[in-house]
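What follows is a single chain, given as structure tokens, in the form predicted on its own.
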Amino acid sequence: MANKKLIQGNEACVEGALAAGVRFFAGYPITPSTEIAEGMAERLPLVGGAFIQMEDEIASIAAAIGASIAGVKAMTATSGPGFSLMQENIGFAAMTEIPVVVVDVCRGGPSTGTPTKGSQSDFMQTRWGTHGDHPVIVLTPSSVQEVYDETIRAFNLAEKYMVPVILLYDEVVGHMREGVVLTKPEEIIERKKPSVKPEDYRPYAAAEDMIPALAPFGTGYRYHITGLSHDETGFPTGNPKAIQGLLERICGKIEANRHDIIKYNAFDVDDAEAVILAFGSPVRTARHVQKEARARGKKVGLFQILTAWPFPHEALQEIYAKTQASFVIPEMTLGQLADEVSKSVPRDKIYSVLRNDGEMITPAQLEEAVRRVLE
């Protein structure tokens, strides 16, 4: 019998992380993500894991990275203000290729903003918050079931590509309750292991797949880890060729595998005159509006983003090339998502429905926008 529970999004994140094999959590309480820390504090000791509340978010992600270096699947969770504090160490994890999962349950900003209300305004920060050209994967569930499933996928991608993965969802998804089927993961990915003897080991000597085999500390493989530009030995280098090669490799391992990483749902887009494009809680409004429009004979489709970064530009380009459809974009920001879509779709074919006051975009708001587009 399926294990189905009525739980909230943040609780589903805990369940998904444990199912993926997480055994270390470090964090600092912050609304609206606190239930994740609370759940981990209760559950991890029961499965031989460790929970630690750190003094701040900087220390939290540092501790999670340290645990991952030791070979343990590790994570932290936060919201916008804490996520901003984590940016330098997200860059460190990207440069050193240490897998770690960061959950950002988004609230309104800037600064302290609206702690108990939803927003999607961390969308660009998840991609470009840390400095320098860097790899990152960002997943964006819109339901409690998807939080569970995408949390598992986040750890699989982190371990497979040796990269930080961010799970981004808004307060609405984090605190709503829905029935969730806690299925056993079909696949649990573990990080690559070295195939050479310790004396021959070069930690960043990646094969054709561009992914290094970093042995957990304490297993007999001694090597150096630094956030500085480094060569295959892990030690700093000022060699321009080595620096260029390093940056091209750590970014290239994600770009070369876009087909494996990018995930989305497309509904009725093949003949659409208008396509609603959304992620997170606005998907729920969008699906209702799209179904109602189709029932009235209107050619309206829906494109749901489940992987925000890498962004699914190819899929959007294919849809537009086939249909010349207009894209209606409901988002809880002042246009961050629409700006990225404009790289795939002509700006004059993009219609934004924007709201960032902490309240959800209503069906009436979105229906009115769709009606105007189809006129």
Partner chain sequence: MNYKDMLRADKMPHIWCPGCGHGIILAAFLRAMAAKEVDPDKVVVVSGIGCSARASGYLDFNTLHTTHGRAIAFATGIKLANPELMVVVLTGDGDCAAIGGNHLIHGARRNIDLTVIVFNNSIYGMTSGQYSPLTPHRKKATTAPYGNFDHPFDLVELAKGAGATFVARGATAYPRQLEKVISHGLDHKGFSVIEAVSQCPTYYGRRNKMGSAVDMLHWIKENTSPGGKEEGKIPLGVFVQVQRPEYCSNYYESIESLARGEKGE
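Positions refer to the first chain, counted from 1. Because the structure is predicted, anything quoted here is derived from the model rather than measured.
Note that the form predicted in complex with its partner chain isn't included here; everything after this is about it.
**Asked** Is its partner chain close enough to Gly179, Tyr351 and Leu354 in the predicted bound form that each of the three has a heavy atom within 4.5 Å of it?
**Response** Spot residues vs its partner chain: no contact at all.
**Request:** Using a 4.5 Å heavy atom cut-off, indicate which stretch of 170-178, 299-307, 227-235, 104-112 touches its partner chain in the predicted bound form.
**Result:** Only one stretch qualifies here: 227-235.
**Request:** Using heavy atoms only and a 4.5 Å cut-off, determine which of Val196, Leu247, Ala256, Val72 is in contact with its partner chain in the predicted bound form.
**Result:** It is Val72.
**Prompt:** Though its partner chain is not shown, can you say which of Ala325, Val345, Ile30, Ala63 has a heavy atom within 4.5 Å of it in the predicted bound form?
**Reply:** The option sitting close enough to the partner is Ala63.
**Message:** Check Pro45 for me: does it contact its partner chain in the predicted bound form (non-hydrogen atoms, 4.5 angstroms)?
**Reply:** Answer yes; at least one heavy atom of Pro45 falls within 4.5 Å of its partner chain in the predicted bound form.
**Message:** With the partner left out here, check for me: in the predicted bound form, does some heavy atom of Ala67 sit within 4.5 Å of its partner chain?
**Reply:** The answer is yes: Ala67 has a heavy atom within 4.5 Å of its partner chain.
**Prompt:** Arg294 near its partner chain in the predicted bound form, any heavy atom under 4.5 Å?
**Reply:** Contact check for Arg294: no, nothing within 4.5 Å of its partner chain in the predicted bound form.
**Item:** Gln53 within 4.5 Å of its partner chain in the predicted bound form, heavy atoms
**Value:** Taking the distances in the predicted bound form, the answer for Gln53 is yes, it comes within 4.5 Å of its partner chain.
**Request:** Within 4.5 Å of its partner chain in the predicted bound form, which residues of 18-33 have a heavy atom? Give them in sequence order, or say none.
**Result:** Stretch hits: a single one, Phe24.
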